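Just the one chain here, laid out as structure tokens, in the form predicted on its own.
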Amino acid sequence: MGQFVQFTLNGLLAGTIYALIAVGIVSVYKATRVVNFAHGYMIMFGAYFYYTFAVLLPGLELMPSWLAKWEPDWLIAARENAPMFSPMGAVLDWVSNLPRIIFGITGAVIACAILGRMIERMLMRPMIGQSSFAMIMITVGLISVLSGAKGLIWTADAAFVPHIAPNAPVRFELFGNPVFLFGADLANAAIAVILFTAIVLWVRYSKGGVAIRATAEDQQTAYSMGISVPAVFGRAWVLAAATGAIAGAILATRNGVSPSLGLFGFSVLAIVLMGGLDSYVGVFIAALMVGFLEAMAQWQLGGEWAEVVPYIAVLIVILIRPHGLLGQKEVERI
């Protein structure tokens, strides 16, 4: 029972990160009816942007020394008195890195938002009115463009970045079973859930969100009602890129910065299909289900099965409900 609880929590925490990645795909689809196959590589760029602003730039001589390592006298004294490998020591180490973490997250979000805006303005906006298939193929070609651009800007070597939150070990009991987690994983999951909830509420209640939903229903009608469809497209791409930057930074703290981060987009795309391309709630449920199934497969069958079993579940769901768990069913009358 103890291992079941431990693996279940690990799977649910991973599922929240999948949901944060998926929110970008759903946002673009809801606004444009286009599936962005290149979203994983935008996440990869977010991770490399975080690496650039949190590691590379603070290490330059022209940057202030406190940006790379903030060590006021009170912090140095507290670290000397803290027991080695203690939770307090982990928190103090995080505080020392806090300036470059903030600088890294801010820089990554802004840079990724600019990248998303450029992609929408230069590649997607000229295709307004064309078939969805043509726009989807542009996102497929964008995979090679982003992958090649990454190789020209950064090296392919994996690198590690500072955790967004203190990575102190957390031990507690749940249903009488001991559980061990890392503080950074809990913080990452909390960030993912908060951002996901905020985006859902924004799309549901704000004027910008209503414009996105109206554009998704009928672009011509949205135009006639005074909604700027190009502006809605741009807003959706910027939102997807900004959340992708945060997701990329989180993945970088977990797995290191490497080109393989781009492949996460294909994995999450299956989750989006399972939950429903136009349903935030359905995608969130599907992400938690896939995270749970991955954890159970790793526990019972081994790591090599962890990436296989969840996709079998995705295929089963799609066969039963082609539009996903909570996706809107489209009926075409002939």
Partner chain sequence: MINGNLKATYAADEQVLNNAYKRAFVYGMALLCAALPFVANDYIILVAAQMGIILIAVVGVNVVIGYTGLLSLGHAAFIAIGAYSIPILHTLFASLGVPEGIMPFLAIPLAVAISALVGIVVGLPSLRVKGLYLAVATLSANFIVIFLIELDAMAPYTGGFNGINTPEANLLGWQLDTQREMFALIAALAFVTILGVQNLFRTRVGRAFIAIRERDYSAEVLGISLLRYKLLSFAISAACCGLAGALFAYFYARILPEQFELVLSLQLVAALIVGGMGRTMGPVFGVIIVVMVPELLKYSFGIIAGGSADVAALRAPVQEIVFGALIIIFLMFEPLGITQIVDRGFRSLNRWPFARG
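Residue numbers count along the first chain shown, from 1. Just so it is clear, the model here is predicted, and its values are computed rather than measured.
Note that the form predicted together with its partner chain isn't included here; everything after this is about it.
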**Report entry** its partner chain contact in the predicted complex: residue 78, any heavy atom under 4.5 Å
**Finding:** no
Report task. Considering only heavy atoms, tell me if residue 13 and its partner chain come within 4.5 Å of each other in the predicted complex. Result -> no
Query raised in the report: Going by a heavy atom distance of 4.5 Å, is residue 143 a contact of its partner chain in the predicted complex?
Result: yes
Query raised in the report: Is there any non-hydrogen atom of residue 138 lying within 4.5 Å of its partner chain in the predicted complex?
Result: yes
Query raised in the report: Quick one: of 285, 269, 57, 297, which gets a non-hydrogen atom within 4.5 angstroms of its partner chain in the predicted complex?
Result: 269
Report summary line: In this chain shown alone, the residue from 129, 226, 148, 176 with a heavy atom within 4.5 Å of its partner chain in the predicted complex is 148
Query raised in the report: Are all three of 71, 90 and 202 close to its partner chain in the predicted complex, meaning a heavy atom of each within 4.5 Å?
Result: no
Query raised in the report: Are there residues in 113 to 135 with a heavy atom within 4.5 Å of its partner chain in the predicted complex, and which are they, in order?
Result: 122, 123, 126, 127, 133, 134
